[in-house]
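Next up: just one chain, as structure tokens, the form predicted alone.
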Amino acid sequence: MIYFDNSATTNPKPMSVVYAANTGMKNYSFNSGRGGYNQSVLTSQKIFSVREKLSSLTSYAPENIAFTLNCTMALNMAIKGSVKRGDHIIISSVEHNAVSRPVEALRKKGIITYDVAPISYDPDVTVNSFRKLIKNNTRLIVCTNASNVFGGIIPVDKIANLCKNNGIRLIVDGAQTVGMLDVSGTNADILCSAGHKGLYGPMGTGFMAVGENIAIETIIEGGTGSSSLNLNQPDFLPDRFESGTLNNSGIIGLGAGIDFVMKKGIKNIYHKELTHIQHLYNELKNDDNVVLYTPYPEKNIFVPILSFNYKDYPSEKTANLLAEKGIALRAGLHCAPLAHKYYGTDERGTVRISPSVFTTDKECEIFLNTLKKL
């Protein structure tokens, strides 16, 4: 199989990740921090070492990084824990359902109102779109760092400055950029991301990184192994957001994924994958049967994601025909209906290509040659 669905989940996983996850299951199947015996202490230290790796990657304090099952869970915790009745939220026009559905659910319950800011390939225009929507009760801006459908990068660092100047909290969805871009300067109050995408970790891993002095209400309470006599959830991180048993093997595998990414070099990974996308874009642009929806994917303007359609086929038909030839791509709405409505592709969807560090030039040529014969 030639795999081009890496923006959903990277595949294959590095063997170091497979080995680490297996080691976690074998040697660290103990509740970290909840026992005085040596194995529990060692497990706690191992888990904390992964927090430190994420801290080096994101610039958030290690103790302020809470592990979650995925980015969706992290975003739900961050969004729902940040607002109160009467607040106003602004999101972007390309948000994933991991953002738009929680926000819409809050609106339907009468808790908040929200507006959608149209994005642009011009960073200043994008920031101004958010600025125009700010109200007296705007409490929160939630924004993806890059579109999971069309690949455009959103200037979250500039939006962070806008938020700070107006006393607004910023939550960033880093699912498509952590491990792909340097996110240490996003300056978001809360950064959420998956572990199984650009960090090459196991599925069932994610995290929420919280800035200093950011108060968040809980949406899940339970056992943490700390302050157990108190019926209230702990008020300190990461315990406040880590009720129940952690996914130790997944987290340890994630640590190996971070090591893999850092050894390869984030800039090198980005360059390799974007080079593939740029080549594919140029080839597809010359095919009269192909419809493209974005400008040429320039460096620092796009992440390595490309959406297209072929002939008059529904996107699912194109993907199914390619799947029959052993080429795996994602078709449809990609859990991001706002993005498709904004680009005018909500009825047809798109076929999405997203390479990984393991993608080869030969695989790209096989895809191009196969597409021409559909």
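One-based numbering along the sequence shown. Model, not experiment: these values are computed from the prediction.
What follows is about the form predicted together with another copy of the chain, which we do not show.
- Of the candidates 248, 176, 126, 186, 248 is the one whose heavy atoms come within 4.5 Å of another copy of the chain in the predicted complex; the others do not.
- When another copy of the chain is considered in the predicted complex, only one residue from 161, 120, 289, 218 comes within 4.5 Å through any heavy atom, namely 218.
- The three marked residues, 5, 73 and 102, each reach another copy of the chain in the predicted complex, with a heavy atom inside 4.5 Å.
- Checking 291-299, 153-161, 238-246, 138-146 against another copy of the chain in the predicted complex, the stretch whose residues place heavy atoms within 4.5 Å of it is 238-246.
- In the predicted complex, another copy of the chain sits within 4.5 Å of a heavy atom belonging to residue 341.
- In the predicted complex, another copy of the chain lies within 4.5 Å of some heavy atom of residue 227.
- Using a 4.5 Å cutoff between non-hydrogen atoms, residue 97 counts as a contact of another copy of the chain in the predicted complex.
- Using a 4.5 Å cutoff between non-hydrogen atoms, residue 366 does not count as a contact of another copy of the chain in the predicted complex.
- Contacts to another copy of the chain in the predicted complex (heavy atom within 4.5 Å) from stretch 302-321: 320 only.
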